[in-house]
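Form predicted on its own, single chain, as structure tokens, below.
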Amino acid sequence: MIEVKEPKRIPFVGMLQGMFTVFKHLFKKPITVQYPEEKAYTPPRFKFRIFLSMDDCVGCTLCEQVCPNLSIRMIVVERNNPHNKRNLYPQVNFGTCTVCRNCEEICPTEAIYLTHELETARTRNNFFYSPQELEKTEEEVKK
């Protein structure tokens, strides 16, 4: 038979530790950021917004095939590009995109790349970005 020993308890130690924790945080400045008036710190390695260089895109559809959430869909855009004879360009749904960066890594011509733009909120219920919108900055898209 195994004998289980209960730990030795000292009265009020746990209560004093809790009070110490409360007093330690009582006079600290809150970490809350009043967004959108204040911008939160974003690390330099953090990248979110997908950009597309339509001149460099060859329409190989690798980005669509590697996307795990099916957020990228190839659409036909009439454009005079000798490298992209099928006129296929990616359209991105930012509502389902998890920024896995697979599209950036698989792109053979580096036509797709991610930047530090974070605020991609839209007023419409449409999170799809057309290839023409992917080529512009967020400020240009909002106009």
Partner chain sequence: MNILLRLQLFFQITGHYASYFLAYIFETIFFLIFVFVSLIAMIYLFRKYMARLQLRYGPNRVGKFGSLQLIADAIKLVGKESILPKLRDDFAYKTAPYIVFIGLVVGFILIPYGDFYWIGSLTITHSDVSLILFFGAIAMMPIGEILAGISSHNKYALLGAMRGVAKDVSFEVPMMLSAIALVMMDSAVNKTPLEFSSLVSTQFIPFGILQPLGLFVFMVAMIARSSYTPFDLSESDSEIVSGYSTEYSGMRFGLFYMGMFGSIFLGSLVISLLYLGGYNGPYSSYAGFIYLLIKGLIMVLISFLIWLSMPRIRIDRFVNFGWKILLPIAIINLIWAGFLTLGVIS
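No experiment lies behind these values; they were computed from the predicted model shown. Here the rigid core means the biggest group of C-alpha atoms that line up within 1.5 Å when the two forms are laid on top of each other. Residue numbers count along the first chain shown, from 1.
Keep in mind that the form predicted together with the partner chain is missing from the display, and what follows is about it.
Site residues I106, P108 and L118 are none of them in contact with the partner chain in the predicted bound form, judged by any heavy atom within 4.5 Å. Proximity of K85 to the partner chain in the predicted bound form falls outside the 4.5 Å heavy atom cutoff. Contact annotation: K29 falls within 4.5 Å of the partner chain in the predicted bound form, judged by heavy atom distances. Using a 4.5 Å cutoff between non-hydrogen atoms, V13 does not count as a contact of the partner chain in the predicted bound form. Contact annotation for N80: none of its heavy atoms lies within 4.5 Å of the partner chain in the predicted bound form.
The partner is not drawn, yet in the predicted bound form one stretch among 72 to 80, 59 to 67, 34 to 42, 96 to 104 has residues with heavy atoms inside 4.5 Å of the partner chain: 34 to 42.
In the predicted bound form, F12, M15, G18, M19, V22, F23, H25, L26 are the residues of 1 to 27 with at least one heavy atom within 4.5 Å of the partner chain, listed from first to last. With the core held fixed, the Cα of L70 is displaced between this form and the one not shown by less than 2 Å. The rigid-core alignment places the CA of P43 less than 2 Å apart between this form and the one not shown. In the core-superposed comparison between this form and the one not shown, the C-alpha atom of T21 has shifted by at least 2 angstroms.
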